[in-house]
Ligand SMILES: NC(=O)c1ccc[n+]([C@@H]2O[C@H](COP(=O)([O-])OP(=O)(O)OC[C@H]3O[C@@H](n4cnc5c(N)ncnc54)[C@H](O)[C@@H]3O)[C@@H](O)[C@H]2O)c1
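Quick setup: one chain, the form predicted alone, written in structure tokens, and binding and motion questions come after.
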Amino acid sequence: MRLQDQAVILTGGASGLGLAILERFVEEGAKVAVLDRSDAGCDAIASRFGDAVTTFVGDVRSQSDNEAIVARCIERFGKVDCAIGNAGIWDFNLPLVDLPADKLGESFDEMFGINVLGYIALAKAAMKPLVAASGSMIFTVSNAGFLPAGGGVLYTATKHAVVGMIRQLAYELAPHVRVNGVAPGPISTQLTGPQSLAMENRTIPGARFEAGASGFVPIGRMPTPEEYAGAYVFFASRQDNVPATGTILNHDGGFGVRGLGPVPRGGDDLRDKLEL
């Protein structure tokens, strides 16, 4: 087990991609402290994982809540080896033309508060124990951190900000703490939207995305949250990832090679041509 005896903090770990990361980290031998806003979600993972997990119900925008999960991790597990900023919200590809002018400031504050400030607050709270442990930070980015149309103007702006944040923190914290990111592409998860835009009860339309995945995902299908989780194990590993800091893995199903042709990949007839 590659993460045996590591103590890890994870935000947004009670559902979706965060839950898949939690499952994989426990499988790899880690102890995990989860900060999530869902009481029911925290109760469910505490019951399921027992002594391998401790939880704190809170808001990632709150510095005191981030400090509380760091304190909880140290109290329960004695240290912090890795902090993973993963909690986030999506704007359901809302373009600027459709964004209500009277909601612009409020929705900007909410999106950037959760998707960017939440990560910086975790980094601030976890910095001292991570420096002491020569640990690592990992942040969930998105294909929207590099390409348009992975979200609307607000979400895309937050994820570009996260790319810059990772690079700056990697510089500031070197050589003591490695700071890296994972940029997932298409995924079927429970990501919701901002309350300020009345999107808090909406979730990514996973079934529709999965049904049409072969038409827009170069690898031909929708990756599962579980299939993304191994990238976080790699970046948390103290054996496999020693050279990497300031690195962002474009773990995006091939979106960067979609090309301009009529289909999102060039090898659909390759097996026939090779007579396989």
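Residue positions are given as counts along the sequence shown, with the first one as 1. Model, not experiment: these values are computed from the prediction.
Although it is not shown, the form predicted in complex with the named molecule is what the next lines describe.
Colleague: Sort through Gln168, Ser196, Gln190, Asn93 and report the residue having a heavy atom within 4.5 Å of the named molecule in the model of the complex.
Modeller: Looking at the other structure, the residue within range turns out to be Gln190.
Colleague: Answer with one of Ser38, Gln63, Ser214, Ser237: the residue that has a non-hydrogen atom within 4.5 Å of the named molecule in the model of the complex.
Modeller: Among Ser38, Gln63, Ser214, Ser237, a heavy atom within 4.5 Å of the named molecule in the model of the complex occurs only for Ser38.
Colleague: Which of these stretches, 101 to 109, 76 to 84, 138 to 146, 123 to 131, has heavy atoms within 4.5 Å of the named molecule in the model of the complex?
Modeller: Going by heavy atoms within 4.5 Å, the stretch is 138 to 146.
Colleague: Heavy atom to heavy atom, is Gly253 within 4.5 Å of the named molecule in the model of the complex?
Modeller: Result no; Gly253 lies far from the named molecule in the model of the complex.
Colleague: So in the model of the complex, is the named molecule close enough to Asp59 to count as touching (4.5 Å, heavy atoms)?
Modeller: Although the named molecule is absent here, Asp59 would touch it in the model of the complex, with heavy atoms inside 4.5 Å.
Colleague: According to a 4.5 angstroms non-hydrogen atom cut-off, is Gly88 in contact with the named molecule in the model of the complex?
Modeller: The answer is yes: Gly88 has a heavy atom within 4.5 Å of the named molecule.
Colleague: Taking the named molecule as it sits in the model of the complex, is Gly151 near enough to touch it, meaning that at least one heavy atom pair lies within 4.5 angstroms?
Modeller: No, Gly151 sits far enough from the named molecule in the model of the complex that none of its heavy atoms falls within 4.5 Å.
Colleague: Which residues, if any, of 3 to 20 lie within 4.5 Å of the named molecule in the model of the complex when only heavy atoms count?
Modeller: Residues within 4.5 Å: Gly12, Ala14, Ser15, Gly16, Leu17, Gly18.
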